[in-house]
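Presented as structure tokens, the chain that follows is alone, the form predicted alone.
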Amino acid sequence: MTEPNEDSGRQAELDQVRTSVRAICNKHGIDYWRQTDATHAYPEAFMDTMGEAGYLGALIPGAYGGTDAGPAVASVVVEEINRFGGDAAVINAQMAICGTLTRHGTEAQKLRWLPGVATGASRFLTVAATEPDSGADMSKLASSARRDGDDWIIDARKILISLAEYTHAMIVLVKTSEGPTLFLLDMDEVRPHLEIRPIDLISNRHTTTLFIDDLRVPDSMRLGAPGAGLRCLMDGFPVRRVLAAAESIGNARFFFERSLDHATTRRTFGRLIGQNQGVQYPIASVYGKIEAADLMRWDAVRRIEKGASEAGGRSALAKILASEAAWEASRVALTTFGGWGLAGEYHVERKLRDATVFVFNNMLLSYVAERMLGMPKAF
């Protein structure tokens, strides 16, 4: 897909990024991802290569060692990884989560973490927000931090937290007397005081439950103003939604391109299976949905870059449309491949499991209904 309404220089830059990322993916091969999935491994070798290429700092200002390439480049990076058949979740996390630090951190915090994040020497992969009882309802936080002199004492129970076992820095959201507040934890310092329990999830997200009991941290680990934690996180939602949309578009194109190739080369009963309407029409239909989601992704990117107020709603729509297109494309792939779609060697079943992570859109649908359509809050 060519990005619409962009000058030739910008398009050439994005095309070069696609070529570069595809070369990195080819270096490791698609079976690399099959193996990391099968063994529940962290993709360390791939992350090292991406760090060497400079892509981990795409959203970090140059003053802190990043390339400041922006959301367009970042979205192309994660799209191409998933389109190849990889899993860009870790790359996405490393690029995007540091945005909260970039916007709201102290100068000391930025200098401590951002240069290492840009190269991959430091892993900044995790936001611990959701909780066992309240889920994603951040107005009902049970986790807390209380002042004790110049320090804070943190008690927290967090669930469905990705990559906590592998990150060097983690943002945790807790309630304080001032309201929801963020802390930026140095995991090398606090890990002995945490309990991390893995959750066996459908995809290789290294998901865990996290327990923090009576953890004393200095005020220098607070990120942003007391009580401003939700606002600090929400500032980064449009970019994170766009990257989630780009991952889904990459997944969708993986399914689509594999399905198209199989339909135009596989013969049964003396003819190409793509001649069957039950195979051909679903492929044509999902192609249109992928292209439509892609257009919404680029619309959201442009609005983010311009600082437009509509960026939040457009990014929400991009994520909804892209995840739904990827989910439908996964079903099309299963229809096209038949039983072979369930075989690990074709990678369809693995990518189908990856695609399921993105289809939970109820909160975004509520956002669109309330913020864009002016409808009353749903219950």
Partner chain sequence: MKVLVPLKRVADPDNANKVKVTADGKKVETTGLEWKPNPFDEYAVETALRLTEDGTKPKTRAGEVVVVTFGPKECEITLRAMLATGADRAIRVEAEDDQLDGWLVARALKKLVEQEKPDLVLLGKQAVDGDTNQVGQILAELLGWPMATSAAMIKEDGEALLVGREVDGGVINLKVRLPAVVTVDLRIVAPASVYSKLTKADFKYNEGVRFAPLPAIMQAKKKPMAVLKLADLATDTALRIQYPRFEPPKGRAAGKKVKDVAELVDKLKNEAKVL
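Positions refer to the first chain, counted from 1. Not measured: the values here are computed from a predicted model.
A second form of this protein, the form predicted together with the partner chain, is not displayed here; the remarks below concern that form.
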{"query": "Residue 36 within 4.5 Å of the partner chain in the model of the complex, heavy atoms", "finding": "no"}
{"query": "Heavy atom of residue 67 within 4.5 Å of the partner chain in the model of the complex", "finding": "yes"}
{"query": "Any non-hydrogen atom of residue 16 within 4.5 angstroms of the partner chain in the model of the complex", "finding": "yes"}
{"query": "4.5 angstroms heavy atom contact with the partner chain in the model of the complex for residue 73", "finding": "yes"}
{"query": "Listed range touching the partner chain, judged in the model of the complex by heavy atoms within 4.5 Å, from 23-31, 323-331, 350-358, 39-47", "finding": "23-31"}
{"query": "Heavy atom distance at most 4.5 Å to the partner chain in the model of the complex, all of 160, 233 and 237", "finding": "no"}
{"query": "Within 151-166, the residues that have a heavy atom no more than 4.5 Å from the partner chain in the model of the complex", "finding": "none"}
